[in-house]
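Presented as structure tokens, the chain that follows is alone, the form predicted on its own.
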């Protein structure tokens, strides 16, 4: 049972890989192995996509390196295809953990014809109705009010599902965040608000973001419980999310969960020299030494499931081949043309847009005929 407003983050696995005294877990050996594979996938996805970015084959990417345990733990604590997630632009780990395929995520990155969003979203803003993962927005905290609205609708309709809304520590300084979390409390909406506290909002450290001693303590002002978990402990995050989500299914109201982790990589490609600009190498190195994947590997070894160097190398090579295949498939599908601009936008397209579309179609047809006649 989680304790509300603790002074120390909840843990299942200590940093040396041992179980915390009194802690338990119910995952099977196969499920534990799958958690390791999922976190490794997120780590290697970062590496491959940064390369894709530097090659000029996409234009924006925000790394999640160091945050894999938080994101996979969130995904594994929910019911895939049942609960809804309103994430933010760094949540590729949650997207992959919920079932979005590499093909779908990569296609969105490059804006190709096989992109579920048909190239209409900024790169690195994947979404999928099937996985119930809502396409994100670059406007900080703008996902909070609509996520709360969805949770209110779930409650009104009596649905056995919850809404999860994630955000970084910087989002808690935005007006949308405060308005949304207040409405969630007032309406007792089944919304799990999760702060992926990676301690940096671009170049602003969390201690310059708030005077509060933590993020989860802010829940007190809104009349809801706040919880604190070690975001580098995938079992702790999974257990916390599952417990809180299940409580909401049984009539519980909203809650604020803070996952303490660290963004090892840069904020985005606009911030490639992060260590030299605003963070000390010592700080980054200190958190790199607390790597969540290494920590989980230590735990697995103590459970008699050691990951050998060859197994690790083979799995990483497999991931790279899969990503390369997804990139090739996306790029070979081409780029969406103007013809699809209104597809999946309206159930009944307004008359003025239909007229504009028809005018454009005729104009493009006329230009094509002129080209043919000139040839």
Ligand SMILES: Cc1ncc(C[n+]2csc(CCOP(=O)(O)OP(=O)(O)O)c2C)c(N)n1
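Computed from a predicted model, the values in this text were never measured in an experiment. Numbering follows the first chain given and starts at 1.
There is also a form predicted in complex with this ligand; it is not shown, and the following applies to it.
- Every residue in the set 89, 168 and 174 has a non-hydrogen atom no more than 4.5 Å from this ligand in the model of the complex.
- Checking 126, 198, 238, 131 for any heavy atom within 4.5 Å of this ligand in the model of the complex turns up a single hit: 198.
- Of the candidates 140, 185, 300, 100, 140 is the one whose heavy atoms come within 4.5 Å of this ligand in the model of the complex; the others do not.
- Interface residue remark: residue 267 is counted as part of the site for this ligand in the model of the complex, having a heavy atom within 4.5 Å.
- Using a 4.5 Å cutoff between non-hydrogen atoms, residue 202 counts as a contact of this ligand in the model of the complex.
- Segments offered: 111 to 119, 249 to 257, 152 to 160, 81 to 89. Contacting this ligand in the model of the complex at heavy atom distances within 4.5 Å is 81 to 89.
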